[in-house]
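What follows is a single chain, given as structure tokens, in the form predicted alone.
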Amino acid sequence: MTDTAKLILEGKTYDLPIVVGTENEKAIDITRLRQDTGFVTMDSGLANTGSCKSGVTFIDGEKGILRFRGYPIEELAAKSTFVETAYLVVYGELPKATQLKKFSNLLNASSLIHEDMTHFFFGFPRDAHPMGILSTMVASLSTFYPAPEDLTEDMENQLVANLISQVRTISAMSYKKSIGEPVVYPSIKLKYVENFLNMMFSSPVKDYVQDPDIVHAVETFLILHADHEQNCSTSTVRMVGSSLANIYSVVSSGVCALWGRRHGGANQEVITMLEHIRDSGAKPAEFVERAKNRAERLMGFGHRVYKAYDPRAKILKEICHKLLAKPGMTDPCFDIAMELEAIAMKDPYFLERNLYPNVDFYSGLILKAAAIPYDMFTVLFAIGRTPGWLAQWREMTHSEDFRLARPRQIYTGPNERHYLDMKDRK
């Protein structure tokens, strides 16, 4: 294959470099397109635009493949922990025992937020959405933990630990404030996920009893969400980070982007749909037919990248089976979800359009089984995605071609016109 592509514009031929990734992904480099030709490209939604080179995550949507730093997501979900996966995503390699211990200790030591920040929670309305609180509190961390413009390696590592730990602490505190209970501080005796669940559900009058199956389910959820290439929130993080904004503002911008129901809020909408089917008494087959006629919305199917079964959904489906088979954990919404999937996977309408279950279809059921409130679903997504945001930020800021992001546009407004005095305006 040639290493250039030829572009013919207005009778002139231009050679454009071809970039090939390690998995044989191909791109046409148009960095000099406007400079050389006066043209820009149009790509609504940026679905065909490679905005960067990255070694963090590989996705093959046609084959249903997802790998972090080369490791299949199936292996990480089965064998790794969230802290170990976070280290891998951020630093590029699985840690040795001494590295993992040092990283874990740093996370523990960084898990508290400044005590004065706890007063901020009193300023939010009782019914404030946890994502609104999280984005605000993360941004405010910069005033309590200011970082110099020129970061040393140790300072950068400390900022990484601060955010991975403190996002979890702020999330649990925001929930406690929403239900009027005193905050529970992180404990050095508990691991990452156990710590979060304890901060969420224990109180001065009630100890929280850890269920290993719940811990495993939440841990797997976080691992699966640790990164996912250049999605909306990750691209936002890179865009904001390109201005050299402080890292707390950068991660806060990712939280804000994730909040949207087209992105991180989709799993909550799946639960709402399943409960609607349950409460209405509708048969899943009837609901699917209405969805095909656009009278209903079938949430949790299809993905912008995956044109095969989302590999994360396969993992979560198995965990749902095991978790909801436990005594007292039965959920009719899971039975409805299974029936919806069985119907859709035999229907040419879905198969021809590559509409397979995505990660949101089963992730909400797992969080629901873990007693996570619905408006905290996206918060859990943000906790899981924080290592990925930090990895992408580090990779970008250390790259040789690091530059301020500045997309172009095609202007469609009025042509030049001139100011009219009020009396002359019609």
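Keep in mind it's a predicted model, so treat the numbers as computed, not measured. Start at 1 with the first residue shown and count on from there.
Although it is not shown, the form predicted in complex with a small molecule is what the next lines describe.
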Find out whether any non-hydrogen atom of residue 337 is located within 4.5 angstroms of the small molecule in the predicted bound form, and reply yes or no.
no
Can any non-hydrogen atom of residue 358 be found within 4.5 angstroms of the small molecule in the predicted bound form?
yes
Residue-level contact is defined here as any heavy atom of the residue lying within 4.5 Å of the small molecule in the predicted bound form; does residue 254 satisfy this criterion?
no
Using heavy atoms and a 4.5 Å limit, would one call residue 349 a contact residue for the small molecule in the predicted bound form?
yes
Selected contact from 298, 277, 183, 239, since only one has a non-hydrogen atom within 4.5 angstroms of the small molecule in the predicted bound form
298
Select from the listed residues 302, 95, 284, 132 the one whose heavy atoms reach within 4.5 Å of the small molecule in the predicted bound form.
302
Each of 263, 291 and 353 within 4.5 Å of the small molecule in the predicted bound form, by any heavy atom, yes or no?
yes
Name the stretch: of 255-263, 95-103, 189-197, 147-155, exactly one has residues whose heavy atoms fall within 4.5 Å of the small molecule in the predicted bound form.
255-263
